[in-house]
Ligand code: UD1
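The data below hold one chain only, encoded as structure tokens and taken in the form predicted alone.
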Amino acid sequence: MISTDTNARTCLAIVLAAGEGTRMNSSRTKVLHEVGGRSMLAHVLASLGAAGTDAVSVVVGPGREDVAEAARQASPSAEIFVQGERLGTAHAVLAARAALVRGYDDVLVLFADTPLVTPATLVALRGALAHGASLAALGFEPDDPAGYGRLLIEGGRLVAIREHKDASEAERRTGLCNAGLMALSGREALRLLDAIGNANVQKEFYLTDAVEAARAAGLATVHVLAGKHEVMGVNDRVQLAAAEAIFQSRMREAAMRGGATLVAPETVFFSHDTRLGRDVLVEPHVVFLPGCVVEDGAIIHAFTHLEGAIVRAGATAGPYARLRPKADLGPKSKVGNFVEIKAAQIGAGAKISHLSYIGDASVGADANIGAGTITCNYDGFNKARTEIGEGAFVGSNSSLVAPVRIGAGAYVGSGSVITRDVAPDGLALSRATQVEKAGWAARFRTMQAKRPRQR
């Protein structure tokens, strides 16, 4: 009896990542190029994880330890197989024969250069198997089908997938195209794959020929339809940019539907893991790199750049702020224009309003950091920390030479270079004595007027 519940069925996913992608004109292999701050390979593996697969095998080309390592980082339990020769997609799937023989109910085959496929589509493919099909191919309807393999349907059933090079003129006129992804019954997968020959123009073993092998064996074959954007493959940097645009559109919509306001959505760029809370306001031209969280009610002003940063509830950042990794802005704190924060914890209600660098530091609640203040955290060899206590006031144009502590409630006079700890509620001044010479400027101008001008 066939189970129609995908949760009750085991699933092996095989991700083909052996292509070199020379059209990228890059030192990096194609599948390691990024969309939304995450490699295309990692996007596919993440979708598989969300779809509830039990095991993942990644097929790489010879010598591609970089791809293998990227797969392990994205999916630590992934098993790596090597396709020694590039003899076609079916040949690549069979490189994972050792996994196929373990007897999973469902087998999903994906390509690592299709980064936008969603978990829902993968579940739909498995659902077709759960309802009795032995093979389900993913199809789509592009604006221009030229170059794509075609899904051939007769009587509502999938009867073949024909590669464009091998298709007749009549077959090429169909607009239903092959997206490449396929689901196979685990009981039948090896039999179908082993039955595939290479009697085609390329002399390769096509995975698509599994459809006709299944039909010849009297097995049910169907197709599942996906949106054209979801299944777009990436072969060059133009297509990579197109995938990025689609990804960003998804993220913007999700952010706004989740309760954030994007004043000019098309100018805001997200990473795959960006999280925005409710009633967050994001002004135009903001960039989120990986690792950013913005909590409820926070405001990110225009032209702010964030990476690995947390902006807590009600805090504000920018305009023109840069939050580097491990920047942590406390509730209702303020980081203003042309302020850079790195590896620093900014306490609740603290203010760093403009033109400052705070790195490797902690700033206590309600402290005020004046314009032009910097923490001198690097001596050319090592980093050191600066600690600024609650309610402290650091005057403008001050340099705090780490390691140093400014006590709670202490004052630092403007223009000071602080090299020693300042006690709580103390006042620290470090300035040269001001000297004034009466009439000096007038005498200087008179003297200069008597001298010939040098041009």
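Rigid core: the largest C-alpha set superposing within 1.5 Å between the two forms. Values in this document were obtained by computation on a predicted structure and should not be read as measured data. In case it trips you up, residue 1 is the first one in the sequence shown, and so on.
Not on display, but discussed next: the form predicted in complex with the ligand.
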{"item": "Interface stretch in the predicted complex with the ligand - options 342-350, 301-309, 261-269, 231-239, non-hydrogen atom within 4.5 Å", "value": "231-239"}
{"item": "The unique member of Y148, F81, Y104, F247 whose heavy atoms fall within 4.5 Å of the ligand in the predicted complex", "value": "Y148"}
{"item": "Answer option from G359, G88, P319, G372, heavy atom within 4.5 Å of the ligand in the predicted complex", "value": "G88"}
{"item": "G180 within 4.5 Å of the ligand in the predicted complex, heavy atoms", "value": "yes"}
{"item": "Contact label in the predicted complex: A92 to the ligand, heavy atom within 4.5 Å", "value": "yes"}
{"item": "Exercise: T208 in contact with the ligand in the predicted complex, heavy atom 4.5 Å", "value": "yes"}
{"item": "Distance check, E163 to the ligand in the predicted complex, heavy atom within 4.5 Å", "value": "yes"}
{"item": "D273 C-alpha shift between the shown form and the other one of 2 Å or more, rigid core reference", "value": "no"}
{"item": "P325 C-alpha relocation of at least 2 Å between the shown form and the other one, rigid core basis", "value": "no"}
{"item": "C-alpha of D296 moved at least 2 Å between the shown form and the other one on rigid core", "value": "no"}
